[in-house]
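Take a look at this one chain, the form predicted alone, written out in C-alpha cells.
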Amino acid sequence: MTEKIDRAVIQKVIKSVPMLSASANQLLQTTTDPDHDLREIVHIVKTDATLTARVLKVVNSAAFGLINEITSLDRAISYLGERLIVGIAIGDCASQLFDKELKGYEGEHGDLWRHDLRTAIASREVVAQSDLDISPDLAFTAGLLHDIGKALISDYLQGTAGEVLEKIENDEISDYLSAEEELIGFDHPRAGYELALTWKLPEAIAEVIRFHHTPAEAREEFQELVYAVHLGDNIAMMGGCGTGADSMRYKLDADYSRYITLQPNALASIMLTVNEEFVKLERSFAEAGDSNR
C-alpha cells in the first residue's frame, strides 16, 4: 500500500534539498530577461570561483576538441553559450536530485539528468526550427528543469511501476500522471512546482515545470514556451531516453500545432541534433570531473 502525501510532505522533502547557489539563481533570473546581454552572464560567473573553474574545465575538455586552451572566462562563456553556462551551474547545485536513483519509476542513477538534458536540447531545437517568438536558450533551461519533481516523489512510488503499467494497458487509467495522483495524491509536476516556488525560479520556468504534461492549462503568456518543452519532452522519450517505466506513458497534446509549426523533416533533424549534442555534452561534463554524468 502506497502512502498518500500532501503539500506539507513535499515541503518537508524540499527542506532536505540544497538550495540553488546565489550565482545559479542569478543566472536563471538574468537569462529569463529578454534584454540581458552576455556581459551580465560573465559578471555573475566571475563572482563564483567554483563555477568559473568548472566552466573552464568544460570548455577545455577533449569533447570540444579545441586546438588552443581557453584561459579567458569571457572567451569560454562566449564559446559555450549561456545555455551551457546555466546548465553547468544548475547541474552542480542540484546534482543530488538529478543523479538520484528513481526507484519509484524503476530508473537508474543519472537517468533524470540524461532525460532532462535531452529534453533541453530538443526544446531549444523546437524553438529554433519554428517561428516562436521566445528565446531558444530559455527553452533549454526550462527543459533542463521540467522533470525535477520526479526526484521528490519517486521514493513514495516504490514498487508501483508494474501495477501502473498494467492499469494503463487495460485502460483503467489514462497515463502515468493520473497514476501518480491516484496512488500518492500528488504528481511530479505539482511537486516540481513547489520546489520552483521555494527556489524562487522565474515564473516562465515554474510554469513549464507545473504544466509540461498539460500545456493547455498554462497561462496564455507562457503557453508557447510550455508547448515547446512539452514537445521536447516527448521527443526525448521518442529517442529512447526517459526516466524509467513511465517513458512514453504520457499524453501528447496535439494542440501543440496551434503554436508550433515545424517542417515535415524537422522532427528527424531535431532527433539527430539531440543525439549528437547530447553525446558531446555528456562527454564534456564527464571529462570536466563529474563522474556521475
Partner chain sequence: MGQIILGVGDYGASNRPGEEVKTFALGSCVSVVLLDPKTRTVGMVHVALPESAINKAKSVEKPGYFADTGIPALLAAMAKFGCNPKGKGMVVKLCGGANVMDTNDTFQIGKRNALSIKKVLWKYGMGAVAEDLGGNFSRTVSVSVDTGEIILNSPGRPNWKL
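Quick caveat: nothing in here was measured; it's all calculated off a predicted structure. Residue numbers count along the first chain shown, from 1.
Not on display, but discussed next: the form predicted in complex with its partner chain.
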Given a 4.5 Å cut-off on heavy atoms, tell me which of 168-176, 88-96, 191-199, 149-157 is the interface stretch with its partner chain in the predicted bound form. 168-176
Its partner chain contact at Met271 in the predicted bound form, heavy atom, 4.5 Å: yes
Partner contact for Ala53 in the predicted bound form: its partner chain, 4.5 angstroms, heavy atom: no
Val45: touches its partner chain in the predicted bound form, heavy atom cutoff 4.5 angstroms: no
Taking the shortest heavy atom distance, is Ser247 within 4.5 Å of its partner chain in the predicted bound form? yes
With the partner omitted here, the residue among Ile184, Ile205, Ala161, Leu84 that in the predicted bound form has a heavy atom within 4.5 Å of its partner chain is Ala161
Going through 221-237, which residues have a heavy atom within 4.5 Å of its partner chain in the predicted bound form? Please give them in sequence order. Leu231, Asn234, Ile235, Met237
